[in-house]
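Next up: just one chain, as structure tokens, the form predicted alone.
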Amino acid sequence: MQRNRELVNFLPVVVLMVVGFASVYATRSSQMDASSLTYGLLFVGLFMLVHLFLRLAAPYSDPFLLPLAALMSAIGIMMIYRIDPDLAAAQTTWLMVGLGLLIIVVAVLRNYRRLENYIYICGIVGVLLLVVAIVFGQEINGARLWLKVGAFSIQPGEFSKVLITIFLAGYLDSKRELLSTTTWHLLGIPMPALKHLGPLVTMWGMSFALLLLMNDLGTSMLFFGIFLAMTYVATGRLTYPVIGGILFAGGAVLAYNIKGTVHNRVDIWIDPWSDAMDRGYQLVQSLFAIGDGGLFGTGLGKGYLLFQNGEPIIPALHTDFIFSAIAEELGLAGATALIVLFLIFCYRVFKIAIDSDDGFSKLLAAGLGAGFALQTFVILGGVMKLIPLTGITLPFVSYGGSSIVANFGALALLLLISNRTNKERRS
């Protein structure tokens, strides 16, 4: 029943995939031929294979997550192809790797709760990946996020995010009673024993260290935000988000005063027009592009985002600013539709967390959902000047092999959790 519903959900996705890719191809090449359908048909084939696999391996899993991920990935590759066909080919390769990882995770970890026995290993590996990025990483645009491996560059932090979420799910599940116990009050706020505040302070320190050592505001915000969300879900206590918010505010003020990168990002956010041809150039051009889209957009491939010689006007257009390209060429209607897709995706993830009947599953789903939601908010808020700009990817949409592979790995865990929950409800 769930898989039949998933198949029905794929029908509009298939239509949008094929028509979208054909439209972008026709705009770039000024003609339409059989090869214009290659990307669309490839997408259909790949996701239909995964759909058939799930019919056998996870028949009760959520029927909406995979079609939503497919549609967002298709939108991303359509825009990347419009910007640079070579990058679109590379992204398609990474998409296949991500789908392969999804199949492997679902096949190997059908009883995903075995991960509870290895949470400390997951945590250690997750931290080691960040350390490797700090020590051996390559600095690009001021942030030390990338690790060069032969001809490839990977972002260890994308995989670290999933591994540390697994660790936190197991740890917080085992400590939830201690963290929920009130032993004293601060200004009328019920507080647990001081020793149980250690994880909160430790995670804040780790996030601040990431900011200082990796020079990356986005990753720091993401890790700390995931931890606060999971702690709140585990305890139901507003104490932790309040204390965490105070610590974050203090850390932000300190970072603003000691880190030039953070100082510049905040200054650009406040007034990008004061240096519109240098430091504020990307953000100003992003705002121009979004405004140029109007209500229904300029049309696929018809935005002003490319110079006559084919070079993007906005640097990092295919990564950090891909939403600006979508907003210009699909307009407010298309940009809003994409945001709605993310909202539905996050809603389904949090529904999985609510429906789960054991603490580990609930916390793992909530943590992964918080990661998707926070990452989406941070990058969209940055390109629209709602918050300071940070260099993280838009899940499933932005160009980036590490990001799309890690996201499909996280999606596999969510499918396993929903499969177990739905199966137990039916039995």
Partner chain sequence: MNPPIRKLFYVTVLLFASLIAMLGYRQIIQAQDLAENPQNTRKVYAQMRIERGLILANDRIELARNHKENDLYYRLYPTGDMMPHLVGYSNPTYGQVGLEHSQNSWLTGTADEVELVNLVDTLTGKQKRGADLKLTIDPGVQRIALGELQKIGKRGAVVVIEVKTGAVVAMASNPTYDPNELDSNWLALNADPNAPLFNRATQGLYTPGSTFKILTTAAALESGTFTPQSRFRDDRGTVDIYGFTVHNYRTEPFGEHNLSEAFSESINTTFAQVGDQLGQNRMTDTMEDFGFYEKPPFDLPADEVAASGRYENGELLKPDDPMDRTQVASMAFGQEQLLVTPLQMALVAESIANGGKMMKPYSVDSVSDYNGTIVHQASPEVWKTPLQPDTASDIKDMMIKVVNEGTGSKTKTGKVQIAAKTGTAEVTGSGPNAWFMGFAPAENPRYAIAVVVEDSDAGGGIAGPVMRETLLAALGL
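This structure is a prediction, so every number in the text was calculated from the model and none was measured. Residue numbers count along the first chain shown, from 1.
The protein also exists as the form predicted in complex with its partner chain; that form is not presented, and the subsequent description refers to it.
Colleague: Could you check which residue among Leu68, Ala58, Val50, Leu380 gets a heavy atom within 4.5 Å of its partner chain in the predicted bound form?
Modeller: None of the others qualify; the residue that does is Leu380.
Colleague: Would you mind picking the one in Leu54, Val397, Leu389, Leu363 that has a heavy atom within 4.5 Å of its partner chain in the predicted bound form?
Modeller: Only one listed residue qualifies here, and that residue is Leu363.
Colleague: So which stretch, 126-134, 72-80, 281-289, 96-104, is the one near its partner chain in the predicted bound form (non-hydrogen atoms, 4.5 Å)?
Modeller: The contacting stretch is 281-289.
Colleague: Report yes if any heavy atom of Gly244 sits within 4.5 Å of a heavy atom of its partner chain in the predicted bound form; otherwise report no.
Modeller: Contact check for Gly244: no, nothing within 4.5 Å of its partner chain in the predicted bound form.
Colleague: Is Phe323 close enough to touch its partner chain in the predicted bound form, meaning at least one heavy atom pair within 4.5 Å?
Modeller: Yes.
Colleague: Is Val44 part of the interface with its partner chain in the predicted bound form - any heavy atom within 4.5 Å?
Modeller: So Val44 does not count as contacting its partner chain.
Colleague: Indicate whether Gly236 is a 4.5 Å heavy atom neighbour of its partner chain in the predicted bound form.
Modeller: Gly236: yes, in contact with its partner chain in the predicted bound form.
Colleague: Quick one: in the predicted bound form, does every one of Phe159, Val162 and Leu222 get a heavy atom within 4.5 Å of its partner chain?
Modeller: Contact check failed for every one of Phe159, Val162 and Leu222.
Colleague: Does any residue in 258-285 get within 4.5 Å of its partner chain in the predicted bound form, counting heavy atoms only, and if so which ones?
Modeller: Counting only heavy atoms within 4.5 Å of its partner chain in the predicted bound form, the contacting residues of 258-285 are Trp273, Ala276, Gln285.
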